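As structure tokens, one chain now follows by itself in the form predicted alone.
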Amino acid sequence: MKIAICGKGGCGKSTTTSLLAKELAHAGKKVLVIDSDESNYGLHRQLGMALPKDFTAFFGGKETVLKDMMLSNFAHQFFSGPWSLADIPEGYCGEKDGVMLMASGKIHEANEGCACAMNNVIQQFIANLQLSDGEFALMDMEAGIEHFGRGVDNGVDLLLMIVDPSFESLRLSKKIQELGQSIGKPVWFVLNKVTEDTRDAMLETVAASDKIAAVIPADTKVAAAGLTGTELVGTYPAIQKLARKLMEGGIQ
């Protein structure tokens, strides 16, 4: 199953992706985490890994990819057929405890231009990725909704939107629901950083209360790990339930 994990900045996309990947791997599943956020430099630390080489570099690097795109009027195909997890080149994917990690690319210098090249490569990769039974690909998307405009979500099976207790996030849930429906992808919501004071309001205001996949309570240990940039460890019941729903087909 290929899953795009999206939401506004700071809602907990990377944290949820990391914890969910670890839980699925612990259950014996093969998991690929795709870091498709060019401005996020913390996901690999949450997984306890080194940041792999930019996947865009496999195709010649950002400038070469962009040139190929422009010469072909953005129709250049970087993949000639289906890819499996085993086809990911050595050096472009790290692995630890059953979780694989690849990164589309990062912004490394000022004035280096937009992220179009990285987005195009990863959009084509996810479209050509074929998973076997028991395999999951979790895409940690960039903040906001630009990835919808670039077509990155077209190749996934479903969307998980992480919703934090803020007006902006709850408002965005309606827009992401609309965007998901427009491309024929189911959208489920994960309420994150929930407290007793915010739970009812979030349940009432999110775009679709019947599409809530999980409710994750605020957790000081998770917050501390995020502050210090250390690996996320431990067992979290809400994440366990979410993983079980995905494995059993309760979310699709």
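Small disclaimer: the values here were computed from a predicted structure and weren't measured. Residue numbers run from 1 along the displayed sequence.
As for the form predicted in complex with a small molecule, it is not shown, yet the points below apply to it.
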property: Contact stretch among 58 to 66, 200 to 208, 23 to 31, 186 to 194 - heavy atom within 4.5 Å of the small molecule in the model of the complex; result: 186 to 194
property: Heavy atom of Ala213 within 4.5 Å of the small molecule in the model of the complex; result: no
property: The small molecule contact at Leu51 in the model of the complex, heavy atom, 4.5 Å; result: no
property: Partner proximity in the model of the complex: Ala143 to the small molecule, non-hydrogen atom cutoff 4.5 Å; result: yes
property: 4.5 Å heavy atom contact, Lys8 to the small molecule in the model of the complex; result: yes
